[in-house]
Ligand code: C2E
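Presented as structure tokens, the chain that follows is alone, the form predicted alone.
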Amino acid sequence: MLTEGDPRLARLLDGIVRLAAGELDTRIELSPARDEIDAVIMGTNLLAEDLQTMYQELEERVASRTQALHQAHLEMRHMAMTDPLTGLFNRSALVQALEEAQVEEADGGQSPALLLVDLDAFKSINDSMGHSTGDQVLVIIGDRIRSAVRKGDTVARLGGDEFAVLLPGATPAEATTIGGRVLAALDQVIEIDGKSLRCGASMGLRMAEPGQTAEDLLMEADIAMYESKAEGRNKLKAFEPSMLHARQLRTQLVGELKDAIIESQLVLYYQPIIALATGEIEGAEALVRWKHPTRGMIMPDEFIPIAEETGLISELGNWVLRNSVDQLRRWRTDPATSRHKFSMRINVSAADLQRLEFIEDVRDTLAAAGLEPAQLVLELTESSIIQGDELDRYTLASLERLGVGMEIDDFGTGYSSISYLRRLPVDTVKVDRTLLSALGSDPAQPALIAAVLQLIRACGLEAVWEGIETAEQAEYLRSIGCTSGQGYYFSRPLPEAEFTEKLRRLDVWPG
């Protein structure tokens, strides 16, 4: 029976208040009476136990979920900072590590160094053997770089076949030594599926300076890397401020070259190919020059590599194609020069062979000029047609069906394989001048030249010899049966007006 002054009511009320406040371990003491009040107290205690159990389970679930979310966050962060193919750090992680290293240097630590690595032969491996093999090569390269650096160094893949190594607290001498170890490791043979591959690399080194941003360090290491590639593969080049100035001039030149193509700053010079037996002109090689408005005449050695690197080479090549073929049309239709029945020779880049439009460009240009395809000869380098892929071979076959002439340029500087010559859709081989330069000084050179000519002839091809500079050289080539030659002995490359004047005055080319 309930009693108003029963102290158990106060304890019950106090317990309920504490439970409501979240003190789930609260328990209310029972009395010996075991009456209705004790029954309510017992029910309240049971409810508190259930609530406590439920809360503990909820806390455990929340803790487990929190741990799972934290682990997922770590995994996502790891994925965001890791190259999925090689397991190395990616560009974002490298930039963060560079920034942290620069902060440590500002606090009194030693300056970091950055090595930038670009593989030399990866593209040809990837193109010829497929992306699966290429991926395997990249994984092996990443492992070799890791094994060549120190334990605390950061190795990253920046994308494609470009890698970087951050060397915290390294002197220039230490950085150079480590860079040398990396290059040596990457120059070793790679064995994949029973095939032996060699990749090699070029490397740029940049020692960080106070206040430099990570992007500046990467850019300047990249500049040094391209300098090393230009000087020869498998080399290390340290950044120098003059390189940055050269890069800025080069960047400026890229923009100006685009304008030069549009604004007709380009001009063509022509050098004759001569029939050695008669002195008659067989062909004219079109050689492009850049008549810069402030820098004067710029030779192709300066701007052709820029055009190739920036993708302007096809636009430039198309300009040469159109203008040289149109010039041949003018010579063919001018009564004063039309007696000379020679072909036009132009150089074709590897990039052109990758463009299906190139075939149409050639066909349309010849049709517009009213010329036969055989009156145009395309000069291609050995490497562009020997290392080419299926698209290159399709383009070459299409050009052969079209009827244009094709010849290998600079034979003797690349593969120079007779077995390749027999399979290529070419008519002529233009032999590089280096084989002729030793004539007269090396007793064995005449026999070598004669042997090269015999091999070319055995493949059913004709030879044009470059670099004829003396009457003796021309006479020797005539004596062994070489029919065509080109060089300063006959003429330097001439501007159109001078070349036209010679065509009007001469029946045979002096020499």
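Don't overthink the numbering: it's just position in the shown sequence, from 1. The model shown is predicted, which means the values in this text are computed figures rather than measured ones.
Beyond the structure shown, there is the form predicted in complex with the ligand, which is absent from this document and is the topic of what follows.
Chemist: Among 426, 182, 138, 286, which has any heavy atom within 4.5 Å of the ligand in the predicted bound form?
Modeler: Contact check passes for 286.
Chemist: Of 410, 256, 400, 315, which one comes within 4.5 Å of the ligand in the predicted bound form, counting heavy atoms only?
Modeler: For this set of options, the contacting one is 410.
Chemist: Choose one stretch from 43 to 51, 438 to 446, 58 to 66, 462 to 470: the one whose residues place a heavy atom within 4.5 angstroms of the ligand in the predicted bound form.
Modeler: Selected stretch: 462 to 470.
Chemist: Is it the case that residue 222, even though its partner is missing from this view, gets within 4.5 Å of the ligand in the predicted bound form, heavy atoms only?
Modeler: Residue 222 lies outside the contact set for the ligand.
Chemist: Can you check whether residue 320 is within 4.5 Å of the ligand in the predicted bound form, heavy atom basis?
Modeler: Yes - in the predicted bound form, heavy atoms of residue 320 and the ligand come within 4.5 Å of each other.
Chemist: Can you tell me if residue 493 lies within 4.5 angstroms of the ligand in the predicted bound form, counting non-hydrogen atoms only?
Modeler: So residue 493 counts as contacting the ligand.
Chemist: Is residue 271 one of the residues lying within 4.5 Å of the ligand in the predicted bound form, judged by heavy atom distances?
Modeler: Heavy-atom contact with the ligand at 4.5 Å: present for residue 271.
Chemist: Are there residues in 217 to 247 with a heavy atom within 4.5 Å of the ligand in the predicted bound form, and which are they, in order?
Modeler: Residues within 4.5 Å: none in this stretch.
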